[in-house]
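Below, in structure tokens: the form predicted on its own, a single chain.
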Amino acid sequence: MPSVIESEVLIRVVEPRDLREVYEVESMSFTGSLTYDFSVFLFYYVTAHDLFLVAEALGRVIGYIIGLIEVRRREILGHVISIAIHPLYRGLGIGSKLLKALEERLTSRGALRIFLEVDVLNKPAISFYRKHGYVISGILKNYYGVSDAYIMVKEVGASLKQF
């Protein structure tokens, strides 16, 4: 594994040239039906724009995170769509750095809550999100086909913003 420390990792907005490496990270991080098709990254490149971030080190993409802003019942919500770190670079704080950067962008756009879905069997991810202040608020049956998902939420604002 190349030697990388957290301070050497650059978090930036994804560029078209990054999408192949993002897809490689995805393929190494998820299996089967949980793996996004390359076209999904093209879609989020267009729709998420600057809420699609990559972690770069040594000139390579070693992780990514995708978020969206959603409005429900006059409430602005942040939605973490996906996050993945190259297996060789896990445990170095890169996921935390990506999540923090996305949360800052979502809150700067008015999100008062940020939510995500996570496989109920993915104990490391659940622990990661709990460490960052997310709590389980519900369950989605068969979200991943044969597996359920927890909905996890983090409150980031003091009061509901209304239009």
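The first residue of the sequence shown is number 1, and the count goes up from there. Fair warning: this is a prediction, and the values are worked out from it, not measured in the lab.
Below: the form predicted in complex with a small molecule, not depicted.
Practice prompt. Examine Phe38 and determine whether its closest non-hydrogen atom to the small molecule in the predicted complex is within 4.5 angstroms.
Written response: Judged by the heavy-atom cut-off of 4.5 Å, Phe38 is well away from the small molecule in the predicted complex.
Worksheet entry | the small molecule contact at His49 in the predicted complex, heavy atom, 4.5 Å | Contact with the small molecule, no.
Item to complete: Consider Ile136 of the chain shown here, and say whether it contacts the small molecule in the predicted complex, taking contact as heavy atoms within 4.5 Å.
Response: Contact with the small molecule, no.
Fill in: Distance check, Phe115 to the small molecule in the predicted complex, heavy atom within 4.5 Å
The answer is no: Phe115 has no heavy atom within 4.5 Å of the small molecule.
Fill in: Answer option from Val120, Leu68, Leu42, Ala125, heavy atom within 4.5 Å of the small molecule in the predicted complex
None of the others qualify; the residue that does is Ala125.
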